[in-house]
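Heads up, the chain below is alone and in the form predicted alone; it's given as structure tokens.
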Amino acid sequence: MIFVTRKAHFNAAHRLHNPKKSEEWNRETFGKCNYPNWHGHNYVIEVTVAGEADPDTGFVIDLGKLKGIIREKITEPCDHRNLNLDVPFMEGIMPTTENLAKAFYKELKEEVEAIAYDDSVLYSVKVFETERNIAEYCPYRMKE
């Protein structure tokens, strides 16, 4: 099995706030991430595809095409946007790093696997909210 990863970045604002809870609960639970006027991050994402290489090209996936899919599905809709308000596929989802990783995976899966070689799969999506706060969604690991 070969793992191929493409990295991308975007800048976005968000607010962590559970409308089912009190203002006090939200402030205590989310701290600075609950500021009413939002806050932003310089996000980095890593998209990993796993499979065997095509014998004709040596590719698991064409990284140029993968770059285009990531741009179309994730960076263009999210860059310099408010993740709570401006991104349709995030509607109703609290934009924690964990939820972003899962939502991005779901947004990418079909198109990535359509261009990957043979039985290659979208293996994982990792989101770096900061250098120290990282979440990875990898459904294949959860099945083991």
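For clarity, every value in this text was computed on a predicted model and none was experimentally measured. Residue positions are given as counts along the sequence shown, with the first one as 1.
Quick note: we don't show the form predicted in complex with a further copy of the same chain, though the next part is all about it.
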Q) Does at least one non-hydrogen atom of Glu91 fall within 4.5 angstroms of a further copy of the same chain in the predicted complex? A) no
Q.
Can you tell me whether Tyr105 touches a further copy of the same chain? I mean in the predicted complex, with a 4.5 angstroms heavy atom cut-off.
A. no
Q) Heavy atoms within 4.5 Å of a further copy of the same chain in the predicted complex: does Gly58 have any? A) yes
**Q.** a further copy of the same chain contact at Arg27 in the predicted complex, heavy atom, 4.5 Å
**A.** no
Q: Pull the contact list for 1-24: residues with a heavy atom within 4.5 Å of a further copy of the same chain in the predicted complex, in sequence order.
A: Met1, Ile2, Phe3, Val4, Thr5, Arg6, Lys7, His9, Asn11, Ala12, Ala13, Leu16, Asn18, Lys21
